[in-house]
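The chain below stands alone and is given in structure tokens; this is the form predicted on its own.
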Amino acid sequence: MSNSRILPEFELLAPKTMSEAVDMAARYGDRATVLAGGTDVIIMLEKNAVKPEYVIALGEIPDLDYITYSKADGLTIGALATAYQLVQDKKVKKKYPALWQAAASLGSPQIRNAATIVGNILRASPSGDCCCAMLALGGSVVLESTSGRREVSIDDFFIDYGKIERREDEIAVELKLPPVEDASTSAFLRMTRMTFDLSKVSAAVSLQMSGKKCKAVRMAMGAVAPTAIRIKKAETMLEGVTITEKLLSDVAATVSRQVKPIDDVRSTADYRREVSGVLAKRVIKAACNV
């Protein structure tokens, strides 16, 4: 009987600069896997979900764990910035509460100490909490290769289950989130079987308000489709109108019709469909503090 805790054989590469790292990615392509915090990659290696010949570990590259914010440029998160770092950041908590709440719910404290925000996005799990939150907030993933850097909008980044808009020779170096206005607010909520479990349904919303009137909105749901998804029909219903209980009930019904969940070990499709509208309503009210 094989031991699932024994990792497959691979050559560990430890570049000292990002230039070295992208050279390695270009040289080895799909024969290599990139490792940052390792909370997902190590499990995938143990389960033989990936069998790389090479693992490119970014831990020796200095100054990749930054989290910066400015009114002009918004929020920037480096490839090695952990969930713990983000939760400790008061600017993130104030300006991007949906992302802060998603990071705060990411696994156990031990996991948050190691798991990177960029890695959580790249995992592209439909139940990835930071995926859902970032999709609601907007922004982009910055990818680097030997040809230079390019930005991919988060709206275009999640292609299908486990598939992202990243070439084999590219390494994700940072996330960018747009600046937020003073009247902006956001929230993230999720439902799980137990505290440290993966989400069986999650919801995030970002609102620009003028009193009770919604000027602009982005809403996302997780674990209800092959990827985290925007709920654009609900966004259309909310944009430019005053938020009322009647409107929220109509939005909840629309959300339940738009999602396409599946049965799995954490929940049934019928349950997810039923509660997705309820969670969408709750997350809007949470963002509006009502």
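This one's a predicted model, so the numbers in the text were calculated from it and none came from an experiment. In this text, residue numbers run from 1 along the sequence as written.
Omitted here: the form predicted in complex with a small molecule. The next part is about that form.
> Of the listed stretches (147-155, 204-212, 166-174, 68-76), which one has a non-hydrogen atom within 4.5 Å of the small molecule in the predicted bound form?
This holds for exactly one stretch, 166-174.
> Residue-level contact is defined here as any heavy atom of the residue lying within 4.5 Å of the small molecule in the predicted bound form; does residue 39 satisfy this criterion?
The answer is yes: residue 39 has a heavy atom within 4.5 Å of the small molecule.
> Residue-level question: is residue 33 within 4.5 Å of the small molecule in the predicted bound form, judged on heavy atoms?
So residue 33 counts as contacting the small molecule.
> Can you tell me whether residue 44 touches the small molecule? I mean in the predicted bound form, with a 4.5 angstroms heavy atom cut-off.
Contact with the small molecule, yes.
> If you check in the predicted bound form, is residue 115 within 4.5 Å of the small molecule, heavy atoms only?
Yes, residue 115 sits close enough to the small molecule in the predicted bound form that at least one of its heavy atoms falls within 4.5 Å.
> Of the residues 243, 259, 252, 58, which one places a heavy atom within 4.5 Å of the small molecule in the predicted bound form?
Spelling it out, the residue with a heavy atom inside the cut-off is 58.
> With the small molecule left out of view, which of 95, 218, 200, 123 would have a heavy atom within 4.5 Å of it in the predicted bound form?
Comparing distances to the small molecule in the predicted bound form, the residue within 4.5 Å is 123.
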